[in-house]
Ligand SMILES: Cc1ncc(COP(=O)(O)O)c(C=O)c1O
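Single chain ahead, by itself, as structure tokens, in the form predicted on its own.
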């Protein structure tokens, strides 16, 4: 047995799903049922076999041709899947955890159907994922929205104000038509992490009738592995002595976004009264594909095993590397064209994710979108999120020291190539006024920065009228 295999045997329970799938794959069973691709059966003699191998590697072997009764039932588990989901529940502190192989879009639909029905009055953070909005629309729920406010123009981070939530739920209680479900976004991709316990404690006073909560934690699986950040999470809040038993809480997570799971691997966690787990299982049975991907299921099992045994160390590394980049940006003269957009936290309500850096690049002569393209095409570095002035860097548990060095070198090279030289500065000689609203964007003497020009172009593209006036010209008589 290899060192890796010994390690797996030591950390994964004997009846684990991953182990059962591995044993089934070793049999190389010939199936007269389905999955022609399994073990490359349908590719024997095919000219496309090499392309399959290059793109899928060994993953095409990881999905089983065999199902129940020889492998545990996905919808009615009693063996390895039941053990794997129970261990995941223990890792995250839930009463019940369910695996899904069709993404958190489906997880959100299942969560909504578990706690809402036709006509249910719902209060929802408008910034939650589209799948939740579509689900509520399909159920014909009566929906009111929590609006977010812009915290930082450069990073485009937003947050709702707790007073807005409390005023809405209090008004609904006084009307005699209280909200029956509250849906929150626990952690945004841009880096805002809400403190769910703070919100729930406040709700206990202002909304005594509210019992059902859904928290979209698509980006938040990893937060449960950090001692400080886990105190902001939904399941942690549900276990606090003063909140335990007060709410039925469902949290949905895209495990593939922050744990070592395959794409579309998702988790649903539930804490609440005795029937909540059964409601979630029933909703999963109605909506999930009856052909779950066993490779994704195995990856969820392994991801939870890694979270249990190695997660704390991996999260500590991710946060440390993000901090190290901050330090390089602050002190390296070859990176002095960049700066980090700092967004102040609101004590108690939210904090800024230490693993996400909004990097301002507006001092360079090319746009963030163009920088993203250079990073990808020339340096093999992929960044997804850009704003008018900035890039978002997500330091997940897959980033290591070499990756940080590679990013730093790329940023140095881009700065050298595209930085504006001091003697090339230009200044406005007149007014530039977008209408509406009729407020000058530039006045005489303002430095014409690349970021200002990009904003002007964006305004023009949106159809806004731009008026220019040179004060040296005579006024019309």
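Treat the numbers as computed from the prediction; the structure is a model and nothing was measured. Positions refer to the first chain, counted from 1.
Not on display, but discussed next: the form predicted together with this ligand.
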| 4.5 Å heavy atom contact, residue 266 to this ligand in the predicted complex | yes
| said: I'd like to know whether residue 120 contacts this ligand in the predicted complex, with contact meaning heavy atoms within 4.5 angstroms. | reply: no
| query | Might residue 97 be said to contact this ligand in the predicted complex, defining contact as any heavy atom within 4.5 Å? | reply | no
| this ligand contact at residue 372 in the predicted complex, heavy atom, 4.5 Å | no
| query | this ligand isn't shown here, but in the predicted complex which of 385, 256, 326, 211 has a heavy atom within 4.5 Å of it? | reply | 256
| Listed residue (77, 103, 178, 93) with a non-hydrogen atom within 4.5 angstroms of this ligand in the predicted complex | 103
| request: Would you point out which of 211-219, 198-206, 236-244, 296-304 contains residues with a non-hydrogen atom within 4.5 Å of this ligand in the predicted complex? | output: 211-219
| Looking in the predicted complex, is this ligand within 4.5 angstroms of a heavy atom from every one of 367, 389 and 455? | no
| field | in the predicted complex, residues of 107-146 near this ligand [heavy atom within 4.5 Å] | value | 108, 129
